[in-house]
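Just one chain follows, in the form predicted on its own, and it is written as structure tokens.
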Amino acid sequence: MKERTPLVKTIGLKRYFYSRPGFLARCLLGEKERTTKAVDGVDIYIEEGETLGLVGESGCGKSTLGRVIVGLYAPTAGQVLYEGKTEPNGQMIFQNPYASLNPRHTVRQILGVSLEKRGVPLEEREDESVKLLERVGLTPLHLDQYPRQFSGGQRQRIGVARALAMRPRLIVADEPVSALDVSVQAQILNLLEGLQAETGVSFLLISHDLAVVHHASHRVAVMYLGKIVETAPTESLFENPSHPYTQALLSAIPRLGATGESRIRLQGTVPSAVDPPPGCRFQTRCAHKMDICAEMEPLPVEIRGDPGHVVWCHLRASKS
């Protein structure tokens, strides 16, 4: 039986950023060009109609990975494949609804830019815009208003409508509710779930809020310092976290009756993506470090009896 091709698949995906110091820093201090390895060899996949949650500490490369997947950044190495092809078919919902919309453009203009790119004739754009607004819970009365006239939740709905205007197969939602009031967050998440049920669109949901990811994702990928360290179906990951970093992340979730002693407190600070440690990226903060952890990068290990649960960890490899 032929294996089904996922909607999106990354193969050895890397995105590096290069910064050159100024003349005085080079001449007087001897500083050299710095290479930030924001995404450093990522292999993930997203199925059609699926939401993959992506979690990890700030600065681990989550947003950069999302931008490479939708084509906002070109990969330094590796590939992003959409059903086996290199032509991207994704759009992005940004974190800050106050900064991601042009304040000088009306909603009609904001949506019109995307509809024009999709090739919708001028005479049809108003009808298309009305349909998009109604799909996200707004009305035709909003067409000629400016972003400043909307609440944060309404602005994010406009951002969702803008993404939908291109009829994408994948939407990367980068912290889509973190800038919103708690009362509005559930509305936006329910909107995204409803759109997925209606259109079959897939989501890469980037978030630091584990409760949001737990609620909205089918599977979860955990990222640390440019690399994926664990992937699993959502319930599997939350019930049986297998990487020491994932265990530390989940231990920080407030639980009724839990004591401070149950929280895993990591030692040290996150290493720099400019000069990451050799071997396992997490080895400088891991309580279970072995000699091999500083010598070799871990290979993926499938957790026995837990289909789809994969961890990159020498400790788990030694127990399998």
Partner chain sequence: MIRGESTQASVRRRLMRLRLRLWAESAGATLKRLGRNKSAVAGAVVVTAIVLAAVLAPLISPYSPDKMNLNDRFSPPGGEYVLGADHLGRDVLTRILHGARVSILVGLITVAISIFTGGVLGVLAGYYGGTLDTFMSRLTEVLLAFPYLIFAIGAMAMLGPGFWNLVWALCFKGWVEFFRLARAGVLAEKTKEYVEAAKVLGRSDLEIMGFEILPNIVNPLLVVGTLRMGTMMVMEASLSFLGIGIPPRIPTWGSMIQDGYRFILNAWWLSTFPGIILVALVLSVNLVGEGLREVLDPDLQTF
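Residue numbers count along the first chain shown, from 1. All values derive from a computational prediction rather than experimental measurement.
Just so it is clear, the following notes concern the form predicted in complex with its partner chain, a form of the same protein that is not shown.
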{"property": "Its partner chain contact in the predicted complex: Met166, any heavy atom under 4.5 Å", "result": "yes"}
{"property": "Partner proximity in the predicted complex: Lys117 to its partner chain, non-hydrogen atom cutoff 4.5 Å", "result": "yes"}
{"property": "Partner contact for Asn102 in the predicted complex: its partner chain, 4.5 angstroms, heavy atom", "result": "yes"}
{"property": "Close approach of Glu128 to its partner chain in the predicted complex, 4.5 Å, heavy atom", "result": "no"}
{"property": "All of Asn96, Val113 and Arg162 within 4.5 Å of its partner chain in the predicted complex, heavy atom check", "result": "yes"}
{"property": "In the predicted complex, segment of 79 to 87, 194 to 202, 103 to 111, 128 to 136 with a heavy atom within 4.5 Å of its partner chain", "result": "103 to 111"}
{"property": "Partner-contacting position among Ala221, Met92, Leu225, Ile158 - heavy atom within 4.5 Å of its partner chain in the predicted complex", "result": "Met92"}
{"property": "Single option in Leu52, Val70, Ala38, Cys293 placed near its partner chain in the predicted complex, where near means a heavy atom within 4.5 Å", "result": "Val70"}
